[in-house]
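Just one chain follows, in the form predicted alone, and it is written as structure tokens.
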């Protein structure tokens, strides 16, 4: 047994020398060890062709009997999705897609396939229904197109954090366990919390506001939120991932300026860093120079002029959001100055007209991906707005009390990570954009 003092001297030998994407760039004759899953197998008696797949790409392994020992050839003849490592030399191969192939000198089976794999990862013609794929997500994730979605999503979240850190924002982590609704309403998942009643947080709203009131003027966060809404749409999840900011000494226009810049930075980052993934997903990302802003009233007028039956005070439907983008000629746009009655009670009423509030939505490719507002920071006005909704301020005392020790004007917004990823990748179902989605019917895997 080695002593702790000797652990630092232990040589680490990885199970591969190269990822496939790096191996195919090497000179002919280079010896490499690659590892992954057997994607395809063709055994034509004297020669075996195998395609090996790892996270970076695919490579053809060519084993000719007589030129390669029979035991090595036989080890390649395994069920598809068997995990193997292959050591060999790189040679030019006209028939190989990458232009090179690997002649094996050693094959090691690292993970056997027991039974039948639920579906064929390599078959692009017979793609199972989404529910079948999600039931077998560990198999579905092996498909390059699915990995592409999550590489895009990773770049979206990285770009969000990258931009805000560069602008002096601080990252915080709010709690996911709350003792009462943070936004009102009853769409809460109860949990067992010792002897007390508790819930999964439906929003970090109160906590990011409290951080600003604590003197952290510019903060951002990425966190899971939970909403117990029994919907069954292609654009909703019961567990979703939010990308939020909150700014002190700011109004709705200030935070919209930030959101516009963040969106442009995200789209630019994806367009530049994820070209192969976007091509695989058959999606094109256009990077705008600005994101136009239209008031709710202006868009109502545009819809009415286009023959739509909608009145001031009505909410926009999904079809309206898509149509408005076509009418104004922009994939991304803000809807500002909403009717107060349509927005959350904590949205700051306009000084000019209390029937309108300083709230906004960001629409991208026909879908609302973000909402935000200037918040009410005066506890008396907050209590009055709660009463105006027919609610009892005493039920919101935990919220109102937070503003009684000197609260600055502040505003913020939240982008849904799954929604923006869905639209960037040109997907039809939000469940495609989360590893293990939680909806009304799905609690596993």
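In this text, all values refer to a predicted model and were calculated from it rather than measured experimentally. Numbering follows the first chain given and starts at 1.
What comes next is about the form predicted together with a small molecule, which is not displayed.
Out of the listed residues 236, 143, 151, 302, 236 is the one that sits within 4.5 Å of the small molecule in the predicted complex by at least one heavy atom. A heavy atom within 4.5 Å of the small molecule in the predicted complex is found for exactly one of 371, 283, 87, 222: 371. The candidate spot formed by 229, 414 and 430 is fully in contact with the small molecule in the predicted complex: every one of the three has a heavy atom within 4.5 Å. The small molecule in the predicted complex is approached by residue 240, whose closest heavy atom lies within 4.5 angstroms of it. In the predicted complex, no heavy atom of residue 341 sits within 4.5 Å of the small molecule.
Proximity of residue 419 to the small molecule in the predicted complex: non-hydrogen atoms within 4.5 Å are present. The small molecule is not shown here, and in the predicted complex it never comes within 4.5 Å of any heavy atom of residue 161. Contact with the small molecule in the predicted complex, defined as any heavy atom within 4.5 Å, is confined among 245 to 253, 361 to 369, 260 to 268, 291 to 299 to 361 to 369.
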